[in-house]
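Shown here is one chain on its own, the form predicted alone, set out as structure tokens.
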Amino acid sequence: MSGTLLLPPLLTGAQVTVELTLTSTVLGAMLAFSAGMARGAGPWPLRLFAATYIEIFRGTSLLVQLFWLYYALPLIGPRIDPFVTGIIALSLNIGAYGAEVVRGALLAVPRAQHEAAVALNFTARQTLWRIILPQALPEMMPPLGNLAVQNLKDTSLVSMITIADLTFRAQTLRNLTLNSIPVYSLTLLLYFAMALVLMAGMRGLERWVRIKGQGDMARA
């Protein structure tokens, strides 16, 4: 079976992979900021809740998380669509790892910056948004970019819960054609191409965050 015949179904699967990656990365970033700030500077109930969430999802396998949400949860609660299950598991997983990145970047801001904000009579909210975050965000971006690429690769696991992503399509084609080399070679190239685009996008976002952060600090 030629590459021209293999490519259309693989591209269809790649589209599903892109949708999973973008959606779960955005949702995971929101979770990361929420949990990271809660664990780093929230009241103790929020710190405890955030720490529990982070440790559970960092300390267990993403594959097992997917299986639990897809196969175990319906036995005690609602059955969730496979695509939604994949997004939930990926978002919770990347959010847990990202939360530690966020917390570390917030804690890395020198204590003198907090003291200067107090001396200027800034509120806690003004200190966070005008002093701390503009300095912490640029430091978060490289590791968060790495997590986004890792999340792209982790999407391959959703094929285990019947989502027809790129890996699922590749496995199906391989079983039909018994021709592993062209199928998996094209799959590798497609994942590599998507990773390159994602890395370029994250680097662009990182540059924008640095420029904006410098502007915000200058205005503060």
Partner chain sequence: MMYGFHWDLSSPLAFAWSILPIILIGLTVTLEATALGFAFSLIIGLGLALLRRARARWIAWPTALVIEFIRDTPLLVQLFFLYYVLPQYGVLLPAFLTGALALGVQYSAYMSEVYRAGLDAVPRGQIEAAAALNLSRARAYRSIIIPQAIPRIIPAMGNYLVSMIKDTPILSIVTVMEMLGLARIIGDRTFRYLIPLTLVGALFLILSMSAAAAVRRLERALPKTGIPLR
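Owing to the predicted nature of the structure, the values given are computational and were not obtained by experimental measurement. Positions refer to the first chain, counted from 1.
Below, we turn to the form predicted together with the partner chain, even though it does not appear here.
Site residues T85, L92 and W208 are none of them in contact with the partner chain in the predicted complex, judged by any heavy atom within 4.5 Å.
Of the heavy atoms in L173, none are within 4.5 Å of the partner chain in the predicted complex. Taking non-hydrogen atoms only, V149 approaches the partner chain to within 4.5 angstroms in the predicted complex. Among heavy atoms of A195, some come within 4.5 Å of the partner chain in the predicted complex.
In the predicted complex, no heavy atom of M30 sits within 4.5 Å of the partner chain. Taking the partner chain as it sits in the predicted complex, the stretch 136 to 168 comes within 4.5 angstroms of it through a non-hydrogen atom at V149, Q150, K153, S156, L157, S159, M160, T167.
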